[in-house]
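There is one chain below, alone, in structure tokens, taken in the form predicted alone.
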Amino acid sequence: MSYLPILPEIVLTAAILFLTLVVVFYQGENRNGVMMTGTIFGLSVTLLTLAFVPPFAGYLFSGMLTLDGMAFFFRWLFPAVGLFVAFMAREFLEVKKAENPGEFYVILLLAILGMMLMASSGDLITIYLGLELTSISSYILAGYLREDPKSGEAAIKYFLMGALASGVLLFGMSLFYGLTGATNLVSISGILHQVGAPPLVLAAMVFLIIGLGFKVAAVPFHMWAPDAYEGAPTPVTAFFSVGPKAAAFAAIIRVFTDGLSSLVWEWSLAFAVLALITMTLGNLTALWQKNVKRMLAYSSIAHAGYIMVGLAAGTWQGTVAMLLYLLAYVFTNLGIFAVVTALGNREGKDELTDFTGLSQRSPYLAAALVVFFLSLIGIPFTAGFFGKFLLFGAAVQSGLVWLALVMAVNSAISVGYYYTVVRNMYLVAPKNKGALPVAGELKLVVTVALLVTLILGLFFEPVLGRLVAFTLPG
């Protein structure tokens, strides 16, 4: 068997092992810079290998891995997320004087490896292994600032809630194995087409929805998100908001569209209800927040609700809409958190009032933040608009007009809390005078995220065409 189709994962694993040796044996003063450079090099090579991996659509390791267009999409997206977070972390770790900063990058790469495994999984076992590798790494990253009580609190809450959710998910998986005698998603799908939907199968499905719903911070399984986002280091919060969330959605698509396709009516209805309450509670609660990271946590919860509209549609068009919206959301949110990181590195705070007068202190960051917010709201000619447009269309085509209308109303509600930040930046005098110094890495992250957000909005059709080609059934 050729290992060439999984060359990106092999390269990333080699980078993790090499950087681990650097952490152990290199004691130079510039360990943070060396580790960041090694991380960027490893992730860049991982991305380059995707260009040389031959076209392959099929299964590896007896169906444990599924390599198709969707897997390729996420295998490209996750290392790109890692590059952004690595750039964001360098100055932050120096400002916070983090102990052993080199370990941060190793743990980050381990999380990305787990995310890539989740996206390529064709079996419940590999999905769970990838999820746990990502989750355990995330718990450590949340509490990375050992001297910060908020960081420790974030890690403990995330770990306790995450352990409970993992147990619920594993129980659901064990039920499916007991009922079908299989863990492979294709085998489970074939058996369920024969046996239908007895009560135990529906119960197992509910456990899977609960376990994976926690990972995407869907209401009412979202309790961990606000505290974890607020207390974690800001680059880690950026990672939480896009990386593990996107990986969990990849796993949800695998499990429900590949393994539970015969139960589409049951789970699509469940996700429709979850989408409604998730986007509504997320947006309404975000209106009352004073801390920007906590506000963005509830915003992230609301966007999980938007993405679940594609699942509720239960169609291939809904899946394509989810992928495009995830692409837009990932780069938009990374850009927002790069601005928050730049301000936090200088001010040491993350309150909404800290954004007062930012348009005078850093006109470029303020303007970029406005564009990112417009994309999250869904204003035309931004990436977020076309993502929401496709989700809206998928819902309408599936007869979920009521859910599409709820989505439109919630998008309007979200204007309220995004406008609070914009008002502070442009209409309130700055508390601190003088220009805001911004590290070159953070400027690069903001610029690339801004370009992607605008390019996806202006050149929507070619990107959609590529996604359709990737995910076309058969």
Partner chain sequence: MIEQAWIIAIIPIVAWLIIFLFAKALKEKVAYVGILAMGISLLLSVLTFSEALGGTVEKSFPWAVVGDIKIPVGFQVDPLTAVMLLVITIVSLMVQIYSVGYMHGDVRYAKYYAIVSLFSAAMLGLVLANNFFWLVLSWEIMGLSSYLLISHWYEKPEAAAAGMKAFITTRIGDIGLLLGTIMLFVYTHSFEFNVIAEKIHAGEINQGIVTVAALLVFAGGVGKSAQFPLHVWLPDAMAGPTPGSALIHAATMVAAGVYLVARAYGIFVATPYALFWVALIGGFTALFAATIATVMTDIKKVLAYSTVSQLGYMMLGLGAGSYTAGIFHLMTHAFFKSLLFLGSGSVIHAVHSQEMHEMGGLRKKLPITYWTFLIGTAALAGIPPFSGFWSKDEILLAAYRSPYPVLFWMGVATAGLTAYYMTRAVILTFFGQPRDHHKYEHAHESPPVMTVPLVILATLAAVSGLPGSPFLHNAFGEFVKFGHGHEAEPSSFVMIIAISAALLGVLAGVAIYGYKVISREKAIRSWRPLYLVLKNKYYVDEFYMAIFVRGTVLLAEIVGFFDRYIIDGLVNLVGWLGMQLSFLSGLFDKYVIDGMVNGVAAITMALGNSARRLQTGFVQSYAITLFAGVVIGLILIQLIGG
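Positions refer to the first chain, counted from 1. This one's a predicted model, so the numbers in the text were calculated from it and none came from an experiment.
Just so you know, the form predicted in complex with the partner chain exists too; it's not on screen, but the next bit is about it.
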### Message
Is residue 427 part of the interface with the partner chain in the predicted bound form - any heavy atom within 4.5 Å?
### Response
yes
### Message
Under a 4.5 Å heavy atom criterion, is residue 254 part of the interface with the partner chain in the predicted bound form?
### Response
no
### Task
Spell out, yes or no, whether the shortest heavy atom distance between residue 157 and the partner chain in the predicted bound form is within 4.5 Å.
yes
### Task
Flag residue 34 as yes or no: does it have a non-hydrogen atom within 4.5 angstroms of any non-hydrogen atom of the partner chain in the predicted bound form?
no
### Message
the partner chain is absent from this chain, but in the predicted bound form, do 281, 380 and 461 each have a non-hydrogen atom within 4.5 Å of it?
### Response
yes
### Query
Quick one: which of 187-195, 82-90, 389-397, 332-340 gets within 4.5 Å of the partner chain in the predicted bound form, going by heavy atoms?
389-397
### Task
Find the only residue in 347, 94, 148, 266 having a heavy atom within 4.5 Å of the partner chain in the predicted bound form.
266
